[in-house]
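Below you'll find only one chain, the form predicted alone, shown as structure tokens.
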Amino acid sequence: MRRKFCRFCSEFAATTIKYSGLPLCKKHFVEYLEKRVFKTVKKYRMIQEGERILLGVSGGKDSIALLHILKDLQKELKFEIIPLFIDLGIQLNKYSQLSGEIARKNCEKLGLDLITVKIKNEYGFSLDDVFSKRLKRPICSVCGLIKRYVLNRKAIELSADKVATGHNLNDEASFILQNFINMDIELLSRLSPIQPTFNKLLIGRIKPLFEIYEDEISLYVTFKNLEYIDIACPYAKEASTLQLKNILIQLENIRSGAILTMVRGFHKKLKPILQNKQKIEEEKELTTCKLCGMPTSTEICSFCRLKSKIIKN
């Protein structure tokens, strides 16, 4: 098979963007992906000059890629990056330990100080403790709850303006598909690449990678020789979203660009209709948890209820 040349230079193409047919060498693929992320950040006004951005760095390819991309974007927008690693206490395969070491190495390489939160030390339990109790709630759902809680709490403590996460296009599409299957109109109408700060209790969130395919991120970290945790979380096999992602990949193989078309179409065409039809209870008063002081719509927040179950048992 005849090899293609990069569209922008005389080098052989290292990859071809399937949904556009664009052949690119390693150098120009890296530039291409970074420009797309920069464009997304500017289009949705995700980051303003002078803001403090708390970035959740897990050590995985998505957060590591975002860490390096935001560091480059920092030169133009002049904002502050506060990298944060949440040590969930996963002992199997030394997963949390290795993830933390990789996160720290990448931050040191970029001249950034990594903040580490060990939930076992701060809250008295680890994700392993949660798993051992075999709660009815799926372990990955619990993990997401813990991460959201810690990121929001630390964002408040550190006076961060926004929280950035490494959710990619495949993640976004699986969220849409899962909530569509469940007919959860409220969650669908709330889904957005940028969530504004609400009542100074829920710090705004941004997803700069939400239009970037997962396999593109894999190529990016490979072409840039970035170190990341290349083993799956021991609990990931229980995630229902993995099955949905596999379905979406099959759809992408049938029709290139289908996932991107789906996500863009949802946010541009369907979500505005859902927002008009669904009376989102944003006016519903947020109160504060009587145990920890974090925002909640009930007397005790979900995190504290979880913590109580684990500690009590």
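Fair warning: this is a prediction, and the values are worked out from it, not measured in the lab. From 1 onward, residues are counted along the sequence shown.
Below: the form predicted in complex with a small molecule, not depicted.
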Site test, 63, 86 and 147 vs the small molecule in the predicted complex, non-hydrogen atom cutoff 4.5 Å: yes
154, 167, 71, 162 - the one with a heavy atom within 4.5 Å of the small molecule in the predicted complex: 167
Interface stretch in the predicted complex with the small molecule - options 268 to 276, 52 to 60, 250 to 258, 34 to 42, non-hydrogen atom within 4.5 Å: 52 to 60
